[in-house]
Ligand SMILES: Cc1ncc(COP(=O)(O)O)c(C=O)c1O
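Have a look below at one chain only, the form predicted on its own, in structure tokens format.
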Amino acid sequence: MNYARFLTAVSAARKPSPIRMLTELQQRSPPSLISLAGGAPNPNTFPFQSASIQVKNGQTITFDEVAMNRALQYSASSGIPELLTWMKNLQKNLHNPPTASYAPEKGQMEMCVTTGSQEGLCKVFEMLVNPGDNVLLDAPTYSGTLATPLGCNLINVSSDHHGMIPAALKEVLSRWDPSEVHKPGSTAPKILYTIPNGGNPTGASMTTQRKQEVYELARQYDMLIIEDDPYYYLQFDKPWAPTFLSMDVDGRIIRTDSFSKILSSGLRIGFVTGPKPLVDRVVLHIQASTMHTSTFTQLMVSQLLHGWGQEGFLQHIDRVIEFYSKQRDAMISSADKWLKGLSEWHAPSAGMFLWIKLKGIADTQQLIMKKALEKEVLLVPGGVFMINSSEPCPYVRAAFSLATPEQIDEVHTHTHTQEHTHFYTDFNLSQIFPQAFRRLASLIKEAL
């Protein structure tokens, strides 16, 4: 892989920060090192002394004075070593990426910590996409991606409830000759972006066969694939689908993972996994922008994961899946009761969204943003997930992830006795979702 051909001029020109390099060198050095180089503040001036965080399973995460001083100090731009090591081992065990054993210059698998996967995505796009470039992506797709101001040409690739359609991708790519993609001035796309599991907004999940076909087309046209997979750990059925990373024999996959849906959205912990030459460029961008993800939250998550081990982590994931699976089933049950005949949908196999097509409604924008609000029900009109949001769209997105306390008549604490882990499982969804869909059904009938 010639990674240089994918880089924007700005990314290619980035140089390591000498100060950041000294900071990271100092952190790897023995305590006997006398350093007058760093510009770090003296921790004796910090007002915070210690902390104790209670985990639901009874485990305690403790920051004594020494640990607190570290948690509140600058750290490596790529992430703290113990968290990165833990995550690299997890990626290798879950995905077995072929690139794990490659030489660095050949695309060896590398990782860095980002402030949520959104930061990682933003920096990956800015590393790879020039104004005027053609970029391929699912239609519809995540609105946060559409909001990235890159000045590029976004080209839709049709998808259905099984994700991106390889035949549609092949048709789009037929505009270019594969033998000419490396010629100067070629407009052939270099980047394909997709959300392979529980896609936002559609809930679609790509089949293994489709991923293999898409990967082969990426090889044929020498494209990079950005595998944005924040719902990977919210796949309801096992075995989980193989990832693009697990198929990556060339080093052409850049993968973003997130802990937002499974540990905490507010901690802002995400990861970029991909070829070392490209991940190193992301780290250089981090050095020049955020410098690093919060040391405190990284240490907090690292302590939790090391305490759990991989087996404990995956047991936690199983409980999260059980929770969201029940949420999904409750929403589907309500949709079956109130929206059948008025709407169409496919039950998602991952994620937290139901993508609903309203029959006989050409565009849902006014229906949702005006009339639905008047009836005190809020969904997301589908147009916001389209490249051209002004075009009529008959879809709405309903999230089954969250119910507010005011909507819950009672919450029972379900205890898993072996781990002593408490999960709130018995939201009164028999009340919440039917109320919403009953109101939506009446709106559809009024509009027809």
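Start at 1 with the first residue shown and count on from there. This one's a predicted model, so the numbers in the text were calculated from it and none came from an experiment.
Absent from the display: the form predicted together with this ligand. The rest refers to it.
If you superimpose the site C-alphas and bring this ligand over from its pose in the predicted bound form, none of its atoms is within 2.4 angstroms of a backbone or C-beta atom of this form, and that means open. For this ligand in the predicted bound form, the listed stretch (240-248, 256-264, 182-190, 365-373) containing residues with heavy atoms inside 4.5 Å is 256-264. Heavy atoms of Ala335 never reach within 4.5 Å of this ligand in the predicted bound form, leaving it off the interface. Residue contact check for Pro348: none of its heavy atoms lie within 4.5 Å of this ligand in the predicted bound form.
Using a 4.5 Å cutoff between non-hydrogen atoms, Asp228 counts as a contact of this ligand in the predicted bound form. When contacts are judged by a 4.5 Å heavy atom cut-off, Phe125 does not count as touching this ligand in the predicted bound form. The putative spot formed by Leu121, Tyr142 and Ile195 is fully lined by this ligand in the predicted bound form; each residue has a non-hydrogen atom within 4.5 angstroms of it. Here is the short version: of Pro166, Gly116, Gly107, Gly163, the single residue with a heavy atom within 4.5 Å of this ligand in the predicted bound form is Gly116. Only one of Gln287, Asn200, Ser343, Gln91 comes within 4.5 Å of this ligand in the predicted bound form through a heavy atom, and that residue is Asn200.
Annotation for 49-82: no interface residues with this ligand in the predicted bound form [heavy atom within 4.5 Å].
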